[in-house]
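So this first bit is one chain, no partners, the form predicted on its own, shown in structure tokens.
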């Protein structure tokens, strides 16, 4: 097994392993690399939906996936499809976000497998929330450690959300009523490495607890712009048969929509996560 870093602090490509026959030693090596690089790309895999379920089980157990429809025989495996003939330029997953932070226990990891990809474009960008935290001043770290953020699915899956209208070949269900709000610490402690992360995102984080939307927005805008600075990012260039696995507890990501006229099909599955814990609580 060969591990090639994509950048110094985020992302690595792994070659020379068949994930369907991963033994205990390989699993340990992968977990060590995962804690180090947060985003892993396994090249030249040949996976079926059942393999995706098995991998999610081995890497922590299946997570809950609301709003999105999975494959008929594998409901936990969500097909992310954009056909070449679609008129909309939107891609599912475009726009910076961390998966499903509106949940009480958001996913620990997301696994995404490339079934069919365009010859160019359709890449995914990732940002390291641990490095973004470390870039903050000590005063800002102390102030943010006292805050909790409010997360909601309303922009993507609320009654007035238009996401589903732009995705012609995906089945997405909207809420009939405004979805419940979820409060999470702004600075999250990683349950494995114990490292702190700046844990907000522009898709699901709508404000700070105890503050109005008007008061929250300037700080949210500053932090979200900081997170996606190039120094904290890496890019995954997809090839058919690539499986990417990323740590949803300390990254953001955004899918590119630059492949109009070309087909892209991915399979997505998440693993069960934990209730986020404030880093300041020790």
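Everything numeric in this text was worked out from a predicted model, so none of it was measured. Positions refer to the first chain, counted from 1.
Separately, the form predicted together with a small molecule exists; it is not shown, and the next lines address it.
Of the listed positions (30, 56, 255, 220), a single one reaches within 4.5 angstroms of the small molecule by any non-hydrogen atom in the predicted complex, namely 255. Proximity to the small molecule in the predicted complex, defined as a heavy atom within 4.5 Å, singles out one entry of 153, 117, 80, 163, which is 80. Not one of 130, 141 and 279 comes within 4.5 Å of the small molecule in the predicted complex, counting any heavy atom. In the predicted complex, the small molecule lies farther than 4.5 Å from every heavy atom of residue 232. Proximity of residue 42 to the small molecule in the predicted complex falls outside the 4.5 Å heavy atom cutoff. Among residues of the shown chain, residue 174 is not one whose heavy atoms approach the small molecule to within 4.5 Å in the predicted complex. Contact annotation for residue 184: none of its heavy atoms lies within 4.5 Å of the small molecule in the predicted complex. The stretch among 185 to 193, 87 to 95, 133 to 141, 206 to 214 whose residues place heavy atoms within 4.5 Å of the small molecule in the predicted complex is 87 to 95.
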